[in-house]
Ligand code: HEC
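We begin with a single chain expressed as structure tokens, specifically the form predicted on its own.
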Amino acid sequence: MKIKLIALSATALLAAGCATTPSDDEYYAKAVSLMKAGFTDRGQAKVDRIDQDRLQKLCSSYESSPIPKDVAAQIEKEQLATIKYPADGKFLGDHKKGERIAQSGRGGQYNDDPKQPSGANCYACHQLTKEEVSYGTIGPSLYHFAKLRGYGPEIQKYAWNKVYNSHAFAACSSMPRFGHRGILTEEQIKDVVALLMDPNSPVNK
């Protein structure tokens, strides 16, 4: 994202006839300034979404180059520490509800009702069931997730962690931090984990 913003601001500055060559940080600051000037708060969609948190800034700095192994390991360690586990100690909810959450892409847009739960939009990046013929391939197929890995508590915990904060296992992952960023509630994450883990789920059929 940072590289794209720098390119955007570079174009704007050149068009303005800038005599000197600004640094990448100056380009980035100018790009953010231009974006904030061009957008306004609208409902729950606030302009401050442009501001990156520490993790996003760090990942953006490696957008055009591989992340060093030691940096990736530190990111994963830090993100693993952010994960909060269910209060009742149970990782599985209702896989039928989990399927509806996986199918839904609603939530977070200015015209979505913030009082209504968000979806996870899982099919945008993953295959989950053989019945669904329209799915993305940005992420790996999750079909037969537990059937291939096992149904035990350790795999359940792994699935919870991955949904809650994917960066704990893949630094600078493209997958949203559903729990850490508050996109999904605790109950919703349980339902999504059940979709992956329940032997009766269509994922494991």
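One-based numbering along the sequence shown. Source: prediction; values computed, not measured.
Keep in mind that the form predicted in complex with the ligand is missing from the display, and what follows is about it.
In the model of the complex, the ligand lies within 4.5 Å of some heavy atom of Ser173. When contacts are judged by a 4.5 Å heavy atom cut-off, His95 does not count as touching the ligand in the model of the complex. The shortest heavy atom separation between Ala194 and the ligand in the model of the complex exceeds 4.5 Å. At a distance threshold of 4.5 angstroms between non-hydrogen atoms, Ala72 is out of contact with the ligand in the model of the complex.
Only one of 138 to 146, 53 to 61, 24 to 32, 37 to 45 places residue heavy atoms within 4.5 angstroms of the ligand in the model of the complex, namely 138 to 146. Residues of 104 to 136 lying near the ligand in the model of the complex, listed in sequence order, are Ala120, Asn121, Cys122, Cys125, His126, the criterion being any heavy atom within 4.5 Å.
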